[in-house]
Structure formats: structure tokens, C-alpha cells
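Given next, in C-alpha cells, is a single chain: the form predicted on its own.
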């Protein structure tokens, strides 16, 4: 990325009366990249993009865009636009006038404004709706208008602060795909804020996981999900099981935890000597919580466990266990029930390759 750095944050610090919000963050973003700042409320995401936009000034550090220091420039001089969750559309203007308002401020001719607005309407798939009132639009259509208004000025960077938060789940997923399509079509750098892990994974080229004013980990969705570096990242992105054993801390995904019949002492194919059932036979065991072909239980990776709770959520069977030392582990699988009941003792385990050692940061 070194040869293609578009935007850089260098040692950014920011404090408010409540305390230090950003604690010296650094971030390099490539031209045309879709990067997501992911984290819980209060971690510093919004403050970060407000500093990029020029709406807040850092106490320390610099903001560099295309090699130029823009830290002290006012927002209107940065060629950076922001989309917020509340749309901020003008109710007294029609759709086309809302979209082209930025061009009007820049004294662009009416004919050119209209032509550019029509181009943006096609981009966001709202052709023929330029003369409609904003009040006649659905929530998803209003969001598209807000996107078109931000893009019409051809910003170098588009900042998106939880722009889909007010939409229902189905529309939110549809708009995720639309935003990604538009971003790739235009080649504009998108910096996206969300606390939704699934949204970040689905949309991003890279994800920067924020926690208490710092970046815990920056990487591709695959790296963040499958190779977390800290227990916070493992737990926040995908709710991994955090297992502490022999002075080390491991993250194991719930879909990689297998449930075993205690009496049968089931071992799956690949476990070495002592295999008692083939993978095909083991796959039919009622208590199996994940596909047998994905798991190999080895000596030392099996644990006696007590069933605490069994539930369904979003098509997923979720079973929570308690190990002998009091640690809790969750197993999940799509759409299959289990004969296990609360209070029952059984065994669980996972493949060694699915246990990723992480830094224990107290999560």
C-alpha cells in the first residue's frame, strides 16, 4: 500500500471533558479503498471521521490527503464529504434540487446542475424521481438521495457515519450491496463507520477494529475474523469462545465447536489411533453441532461440559456449555436441533487449527 497511500492519520489524539477519546492513532488508507472503522459506541469512531472531515480539530497529530497536510483546513476546503444516519435532506426542495445543492453553492449553471443530478439519479437507481418531494420517498430512497448529494461534488473521500442504521434489516442488506457497487464503480475512497460486525465483513476491503481510542487490529475481513490478534477482536467480531488454558489464551469460533456423546467417546476422521466411528457415522450423531467433515478431535482437545442453555436465533441453533473450570463455551449450527437439555453432561472439542492464540486483553 505504501505506493498508493491516499489518506493518512498520524498520531491523532483528541480529548474532551469526559477524557481522552483518541490515544495516538495511525492509519494509512489507499486510493479507492473501502475501509470500515468497527467498534462499540464510545470507542472513538465518529471522532475519527469528524477530524478527517475538519469538523473537529485534533489535540495532536496530522491528517494527510494526497501528500498535503489538511489538518488546519476548514471542511469546505478538504474535498471530503460526509453522510450521516439522519440523511439531513431539505424538505422544501425536490429530489433533484437536494442532490444538486452543493453545485448551486459553487455557482454551477442550472443546466449543468440538472444534468449532473440526472447522472447521480441513474447511479443510485432513482431515475425519473428528480421532481418528487422528499416526503414522498421511502427511507431507503432518502438514503440514496443523501448518497447522490454527497457524490455529486466528486469528493476524494466519502465518510459514512452509520448511514444504514435507520433502515430495516432487508433494506439494510440491499443498501450494503448498492454502496459497495457504487464505491467500486466510482473508485472513491470510502471510510465507513459501523458497530455491526456482519456489515463490516460484507462490505469492507479492510476493517480497523477500534477499542477505547485505539486500533486493536487492522486487516482484511478474513484476517479479522479468522486470525484475530486480541481477545477483544475475537469476541467482538463473531463472538468467538475465549479459552484460557495453561497460561495461554485461545479464540475458537462457535461454529468450530463440536459436541460429542460422552458414552460413545466419538472421534472424527483424522484423529489418529483410537477412532471409534467414521466421519460419515459421526455426522449422524444427534449431538453433533457442526459438520463432521470440518472437525478433527485430537487427544487433549476434548472437555467434559455441562449444558447451560439451548436456543434458536436467526436460524442458528445455539448451545452454551460450562466447563469444569467455570469457563463458558458456545457451539452453533444452522437449522438443526439437538437432543441435549439444560443440565446434561456431555463432551465438546475442536480442531487444533481452529484455536487461534490471541493476546489476552481482559475480554
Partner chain sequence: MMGSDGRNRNTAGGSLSAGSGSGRAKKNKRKRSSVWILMMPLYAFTIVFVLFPLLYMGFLSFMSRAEVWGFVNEFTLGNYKRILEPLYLNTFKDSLKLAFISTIVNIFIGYPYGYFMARLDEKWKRIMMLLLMIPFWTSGLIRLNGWIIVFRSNGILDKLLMGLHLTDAPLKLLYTYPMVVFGMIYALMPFMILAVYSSAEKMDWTLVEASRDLGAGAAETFFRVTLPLTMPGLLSGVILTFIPSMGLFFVADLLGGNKIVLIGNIIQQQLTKGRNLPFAAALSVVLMVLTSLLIALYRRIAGTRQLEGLI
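On a predicted model such as this, the values are computed, not experimentally measured, just so you know. Residue numbers count along the first chain shown, from 1. Basically, rigid core = biggest C-alpha set you can superpose within 1.5 Å across the two forms.
This next part talks about the form predicted in complex with its partner chain, which is not shown.
Are all three of 226, 232 and 244 close to its partner chain in the predicted complex, meaning a heavy atom of each within 4.5 Å?
No residue of the spot touches its partner chain in the predicted complex.
Quick one: of 197, 153, 71, 174, which gets a non-hydrogen atom within 4.5 angstroms of its partner chain in the predicted complex?
The option sitting close enough to the partner is 153.
Can you tell me if residue 139 lies within 4.5 angstroms of its partner chain in the predicted complex, counting non-hydrogen atoms only?
Although its partner chain is absent here, residue 139 would stay clear of it in the predicted complex, with no heavy atoms inside 4.5 Å.
Taking heavy atoms and a 4.5 Å cut-off, does residue 76 contact its partner chain in the predicted complex?
Yes, residue 76 is a contact residue.
Look up in the predicted complex whether residue 80 has a non-hydrogen atom within 4.5 angstroms of its partner chain, and give yes or no.
Judged by the heavy-atom cut-off of 4.5 Å, residue 80 is in contact with its partner chain in the predicted complex.
Taking heavy atoms and a 4.5 Å cut-off, does residue 111 contact its partner chain in the predicted complex?
Contact with its partner chain, no.
Out of 91 to 99, 215 to 223, 116 to 124, 181 to 189, where are the residues with a heavy atom within 4.5 Å of its partner chain in the predicted complex?
Result for this chain: 91 to 99.
Take the rigid core as the frame of reference and indicate whether the C-alpha of residue 91 shifts by 2 Å or more between the shown form and the other one.
After core superposition, the displacement of the residue 91 C-alpha between the shown form and the other one reaches the 2 Å mark, so yes.
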